[in-house]
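Only one chain is shown below, in structure tokens, and it's the form predicted alone.
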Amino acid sequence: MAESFGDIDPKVDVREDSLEKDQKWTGWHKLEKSLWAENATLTDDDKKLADQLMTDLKDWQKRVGTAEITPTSMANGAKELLDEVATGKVTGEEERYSHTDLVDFNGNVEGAQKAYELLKPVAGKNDAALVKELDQQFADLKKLLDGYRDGDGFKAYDDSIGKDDRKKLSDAVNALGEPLSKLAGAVAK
């Protein structure tokens, strides 16, 4: 749904290798690279970028309150959050400098689960078997994620989270993604 708010998402969340020709690199990931990959103290340019990021986020916050959200768009948004995990977070591409991918991964799962929980009463009336499966798949994925916790946060998503772990995470996301793709149909009946 982030794309529905115009140019803000690309301004705050674009990765360096996703820049379009002549697009200026701004947002979280530029600051992330400065802090982690370059082990730098924020420069004056970085501080200006951080100020712009705050301005953009406040603008986004205002726009969110005006968004028209339907049960179907919410269900599809939940699936898109999970798809984002499968394509960017499991691979380690999202937070490639800070290695905090599991924090984002968990946030996307929590967002998808919140949308599902809001739609669950209607979905349960229309497709009780789907609700049962979604409850189980969310629980399984959360349990798996909990195994990667480190204090209040998560382990760094670097070489210590190897191929086998990434495969387990990917499989769990895919196991949830398939039934979650049916949620929109269950609430639209």
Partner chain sequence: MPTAAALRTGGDASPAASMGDAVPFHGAHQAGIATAVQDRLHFAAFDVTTTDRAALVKLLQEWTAAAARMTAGHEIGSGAVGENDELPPDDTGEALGLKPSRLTLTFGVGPGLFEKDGKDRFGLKARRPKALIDLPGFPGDNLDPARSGGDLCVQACADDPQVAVHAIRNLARIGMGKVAIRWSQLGFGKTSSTTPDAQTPRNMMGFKDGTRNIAGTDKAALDKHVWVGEKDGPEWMVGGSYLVARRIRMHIETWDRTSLAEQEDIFGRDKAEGAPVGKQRERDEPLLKAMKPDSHVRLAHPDSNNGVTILRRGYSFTDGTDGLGRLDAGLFFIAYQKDVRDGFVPLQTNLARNDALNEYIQHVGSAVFAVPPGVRGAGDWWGKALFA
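Residue numbers count along the first chain shown, from 1. These figures come from a predicted structure and were not determined experimentally.
Note that the form predicted in complex with the partner chain isn't included here; everything after this is about it.
- For the three marked residues, Asn76, Asn174 and Glu178, a heavy atom of each sits within 4.5 Å of the partner chain in the predicted complex.
- When contacts are judged by a 4.5 Å heavy atom cut-off, Ser34 does not count as touching the partner chain in the predicted complex.
- Although the partner is absent here, Ile8 lies well away from the partner chain in the predicted complex, with no heavy atom inside 4.5 Å.
- Although the partner is absent from this view, Gln137 contacts the partner chain in the predicted complex, with a non-hydrogen atom inside 4.5 angstroms.
- None of the heavy atoms of Lys24 is located within 4.5 Å of the partner chain in the predicted complex.
- Heavy atoms within 4.5 Å of the partner chain in the predicted complex belong, among the stretches 83-91, 115-123, 102-110, 68-76, to residues of 68-76.
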